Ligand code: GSF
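Shown below, as structure tokens, is a lone chain in the form predicted alone; questions about how it binds or moves come after it.
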């Protein structure tokens, strides 16, 4: 298999962490999707990373689809529970983390537009989503060691990737470390895991 992605992408990082935790061998190719002609378009019509190329030629896209596939192909370190209620709870955490990231990315993209084309109202709307998402993550995590249940799961990976990217890019000036000490504790624990440390975003 081959993973097409970018190092700063939190969604690529999520897949890379799952690959490491599951001990699945996979080539990683850094791909820039900004040029009109790029290596991703031939496999993913949406032109997004991460894109996972399977050995028989099928391409999987959207990090949520990819991580579900990866968790099913190896019994090592199951990250998504089999029980329906438990599985939905973990995927809900993933949706919350990814949705918060989506808002942060939109703030980031807007900031890259020419100044005279940027919309303060649009940025403010996305910042509200991001801040509410982080507030819910912090409130629901509380002082628990893991997001859901008594063990490490995809929920923790998704939240960790969200926190790592927000710290890296600081969209809208958001600083979750200053506002939520429990998230600082939680992320610090995640960064002790090799899969997290090895995929950390580059320094801004």
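Numbering follows the first chain given and starts at 1. All values reported here derive from a predicted model rather than from experimental measurement.
Form predicted in complex with this ligand: not shown, discussed below.
K.L.:
Looking at 177, 151, 170, 48, which has any heavy atom no more than 4.5 Å from this ligand in the predicted bound form?
P.N.:
Result of the distance check: 48.
K.L.:
Indicate whether residue 90 is a 4.5 Å heavy atom neighbour of this ligand in the predicted bound form.
P.N.:
Answer no; every heavy atom of residue 90 is more than 4.5 Å from this ligand in the predicted bound form.
K.L.:
Find out whether any non-hydrogen atom of residue 98 is located within 4.5 angstroms of this ligand in the predicted bound form, and reply yes or no.
P.N.:
Judged by the heavy-atom cut-off of 4.5 Å, residue 98 is in contact with this ligand in the predicted bound form.
K.L.:
Using a 4.5 Å heavy atom cut-off, state whether residue 33 contacts this ligand in the predicted bound form.
P.N.:
It does: once this ligand is placed as it appears in the predicted bound form, residue 33 has a heavy atom within 4.5 Å of it.
K.L.:
Under a 4.5 Å heavy atom criterion, is residue 105 part of the interface with this ligand in the predicted bound form?
P.N.:
Yes, residue 105 is a contact residue.
K.L.:
Heavy atoms within 4.5 Å of this ligand in the predicted bound form: which stretch among 7-15, 20-28, 192-200, 177-185?
P.N.:
Checking each option against the 4.5 Å cut-off leaves 7-15.
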